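Presented as structure tokens, the chain that follows is alone, the form predicted alone.
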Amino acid sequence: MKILNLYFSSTGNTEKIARQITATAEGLGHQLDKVKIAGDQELDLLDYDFIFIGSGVYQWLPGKGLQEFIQKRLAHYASTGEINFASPRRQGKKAVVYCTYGGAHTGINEAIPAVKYMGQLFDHLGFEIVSEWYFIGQYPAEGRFKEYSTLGRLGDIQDRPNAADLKEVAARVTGVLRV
């Protein structure tokens, strides 16, 4: 099985999750490509059987770099005829969509649109979305958002994702890859 771990991270929160996904998959004996979105990447997503895709949440959406990647890939696959009416499922193609979020104002509701946005590319390509994962991540420790990690709706989220979160990531990866 060919696996891709594709992610965007500007604060390091999503990168922690991505590293844990990679470590767990490799620990299970899988080989995978880990790609951090930075600039203009050309990837053939259809070369992969299983894709993990993740981002931090920025105003209810994935990071700008990942949004641009998704838009370009969507346009590419539409132009090559790979996106078809009713998005028929491609046998053996699966994806997990994940995010890290702070949710200072409304909690997880701020993260749901970002995950749905990322998942649509894969749903249109005929991948089965086997799971959506939401992990809490702290705001940058300095600057005007610092208090969002202590005073927001989620309470004190400093140092998240933490060891318990990463343990949960490992369990989830093990679950989806052993099915």
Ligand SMILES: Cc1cc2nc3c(=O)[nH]c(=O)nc-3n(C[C@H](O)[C@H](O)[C@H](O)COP(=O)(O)O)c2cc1C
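Numbers for residues come from their place in the sequence shown, where the first is 1. Every value quoted in this text rests on a predicted model; they were computed, and no experiment measured them.
One more form of this protein, predicted together with this ligand, exists but is not displayed; see below.
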query	finding
Any non-hydrogen atom of residue 158 within 4.5 angstroms of this ligand in the model of the complex	no
Contact flag, residue 162 vs this ligand in the model of the complex, heavy atom cut 4.5 Å	no
Proximity of residue 133 to this ligand in the model of the complex, heavy atoms at 4.5 Å	no
4.5 angstroms heavy atom contact with this ligand in the model of the complex for residue 58	yes
Answer range among 41-49, 64-72, 121-129, 135-143 for contact with this ligand, defined in the model of the complex as heavy atoms within 4.5 Å	135-143
Contact set, 152-171 vs this ligand in the model of the complex - heavy atom within 4.5 angstroms	none
